[in-house]
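Only one chain is given next, in structure tokens, and it is the form predicted alone.
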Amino acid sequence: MPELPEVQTIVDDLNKRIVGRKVAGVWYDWPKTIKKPKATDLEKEIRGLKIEEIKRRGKNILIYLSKGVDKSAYLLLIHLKMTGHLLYGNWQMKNNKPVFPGKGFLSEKVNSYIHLIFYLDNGLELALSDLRKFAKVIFGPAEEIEKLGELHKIGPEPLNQSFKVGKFISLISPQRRKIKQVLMDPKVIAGIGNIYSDEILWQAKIHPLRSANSLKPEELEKIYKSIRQILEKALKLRGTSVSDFRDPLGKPGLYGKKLLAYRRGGEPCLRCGVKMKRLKMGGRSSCYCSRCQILK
């Protein structure tokens, strides 16, 4: 699933490419992706609206649109879930299926999985590709969408300047769950998933199974610093593409070449050389170093 650095990369790219464009039409072949309004009504309601701004909240992509008066009157919320991509390009329709007329990732990997296209007034398209069909789209008045649980119940953004170490400690220290589970909970902190929780805990030298309420203030401060450092580095490298993630032009992120812990089970620890271990937690894998990240 795309996490904070991947989603922010998409948002930054789309702000450069589609702001100011108007939606000229909609195509879809998987109505279940469109949660609101009815799939049959989406084109009628969104066509002609101008894209004003694109933001991120947690792992949600927020596209604000207007009729030219109120610049934030309407909101298109897109959550990519496990395997979603938002791609910007030019698809041709053949047998009522989109085909990208080129080579590489866009033509070879995602054409079969494009299930929703927003046609823009410049002749290009914003397409949603989703192998597992878990992605969701919600559209409507902005003030209505912003009150939904998808946005209202999300925790603080870890890279915001207002998110200080004291706030972080106050959120984490009462938690009785494992620290890895707490970091991945979007209701506690926004945007951290399986990839970056492994990376953060390895850098902070904290075992993923440590109970959050057992951590000392100095240990929590190490985690806080690691969160900011890891996420900022991953964002600079445009995300991680060890599996599905691609940016809007179909290019992979580069952080996958810098991984410290994620998917490194059985490989030597980059700090001490001991073979990294892998464990299962709530159906998710976690990789850690048994020497550097001691379970106290």
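Model, not experiment: these values are computed from the prediction. All residue numbers refer to positions in the sequence shown, first residue = 1.
One more form of this protein should be noted, the form predicted together with the DNA, which is absent from this view; the next part is about it.
With the partner left out here, the DNA still marks one of 214 to 222, 67 to 75, 137 to 145, 81 to 89 in the model of the complex; by a 4.5 Å heavy atom cut-off that stretch is 81 to 89. Contact with the DNA in the model of the complex, defined as a heavy atom within 4.5 Å, is made by all three of E3, K280 and R284.
R176 belongs to the set of residues with a heavy atom inside 4.5 Å of the DNA in the model of the complex.
In the model of the complex, no heavy atom of I169 sits within 4.5 Å of the DNA.
Shown alone here, R263 lies within 4.5 Å of the DNA in the model of the complex, counting heavy atoms only. Looking at Q203, you'd find every heavy atom of it more than 4.5 angstroms from the DNA in the model of the complex. In the model of the complex, the residues of 123 to 147 lying within 4.5 Å of the DNA by at least one heavy atom are, in order, L131, R132, K133, F134.
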